[in-house]
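The data below hold one chain only, encoded as structure tokens and taken in the form predicted on its own.
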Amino acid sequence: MERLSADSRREKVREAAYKTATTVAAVALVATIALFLVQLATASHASWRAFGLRFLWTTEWNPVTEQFGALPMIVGTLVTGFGALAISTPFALGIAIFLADYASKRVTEPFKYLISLLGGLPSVIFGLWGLIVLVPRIGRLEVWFGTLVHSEALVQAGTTGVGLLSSVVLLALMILPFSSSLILESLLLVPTELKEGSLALGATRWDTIQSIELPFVRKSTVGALVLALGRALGETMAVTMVIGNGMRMPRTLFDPANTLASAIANQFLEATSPLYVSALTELALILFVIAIVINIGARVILRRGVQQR
């Protein structure tokens, strides 16, 4: 009895220590996010005081006259992020479904390794590939499209190929291994009994995928896509190399543009005045808020979908 009592006391001590450690970790995470927001808001105070909310919808960015507006970068960030997600999602689902339900194990395992390898490549490698391979082809596409619509401006601009479309396609390729591997792992965790029961009732393989597997992994799929979108929104190096770094509002997908992350990376070391540094810090604050809003929005949509089932 004494030994059981001692073991029970030790177990309670371990449980209390574990609970304390996890609580401290959770509080530290929330405090870190709050400190990030406070620090960015404090560092961008001069920009907020000078421009107010019009900083969000002003298109002029002129360090010489110290007139700054974030709208071109906000548009570039949202277009590249959501555009890449829209292009990559069907391919990610197709790759995951094929490897989980149609391919043999001898095919699935090498492909899983290749996908993981591709997802772990440094972004600068994607950027170099984009400059060497993707950008010239986008330039030829721009010339073809300009000729089709009789636009001399597009034909002339097509000699470069850098712009929004190049960065969207490149980001789609970059986040494809990430989202497809996460969706694949979720599909592999679907209980075999559910799939075999569906097939035994006469459903086809596609009916089983559509009615059993995809609803089962819906939550994890949304999470994977949100994580992929977060990487696309925050990508810096590869986007900087192919987007053209234009500070004007883009009118077409072929125009040079900029994102919040690439603008900060390109100009922070060149910022000399306090207002210039504050404006760039405010860009970082906007990017941080966009990421938080997207994650909260995805969670709300997912919770409503679960409640409606």
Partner chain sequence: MRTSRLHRVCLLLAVFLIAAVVAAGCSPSGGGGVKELSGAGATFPYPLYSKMFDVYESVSAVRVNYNGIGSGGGIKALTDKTVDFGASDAFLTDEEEQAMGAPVLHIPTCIGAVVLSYNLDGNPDLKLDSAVIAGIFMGSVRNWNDPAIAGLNPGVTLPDLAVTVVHRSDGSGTTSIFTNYLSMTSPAWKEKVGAGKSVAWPAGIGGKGNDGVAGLVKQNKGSIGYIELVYAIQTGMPYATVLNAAGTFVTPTLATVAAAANVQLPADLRVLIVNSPESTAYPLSAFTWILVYQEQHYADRSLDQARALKNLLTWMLGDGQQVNEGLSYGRLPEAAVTKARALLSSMTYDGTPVR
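Positions refer to the first chain, counted from 1. If you superpose the two forms and keep the largest set of C-alpha atoms that fall within 1.5 Å, you have the rigid core. Being a predicted model, the structure only gives us computed values, none of them experimental.
There is another form of the same protein, the form predicted together with its partner chain; it is not shown, and what comes next is about it.
- Here the chain stands by itself, but in the predicted complex one stretch of 212-220, 128-136, 184-192, 69-77, 128-136, has heavy atoms within 4.5 Å of its partner chain.
- Under a 4.5 angstroms non-hydrogen atom cutoff, its partner chain in the predicted complex lacks residue 12 among its neighbouring residues.
- Interface membership of residue 56, defined by any non-hydrogen atom within 4.5 Å of its partner chain in the predicted complex, is ruled out.
- Residue 45 falls outside the set of residues with a heavy atom inside 4.5 Å of its partner chain in the predicted complex.
- At the 4.5 Å threshold, heavy atoms of residue 266 reach its partner chain in the predicted complex.
- Along 239-257, residues 240, 244, 245, 248, 256 each place a heavy atom within 4.5 Å of its partner chain in the predicted complex.
- Once both forms are overlaid on the rigid core, the distance between the two CA positions of residue 293 between the shown form and the other one is under 2 angstroms.
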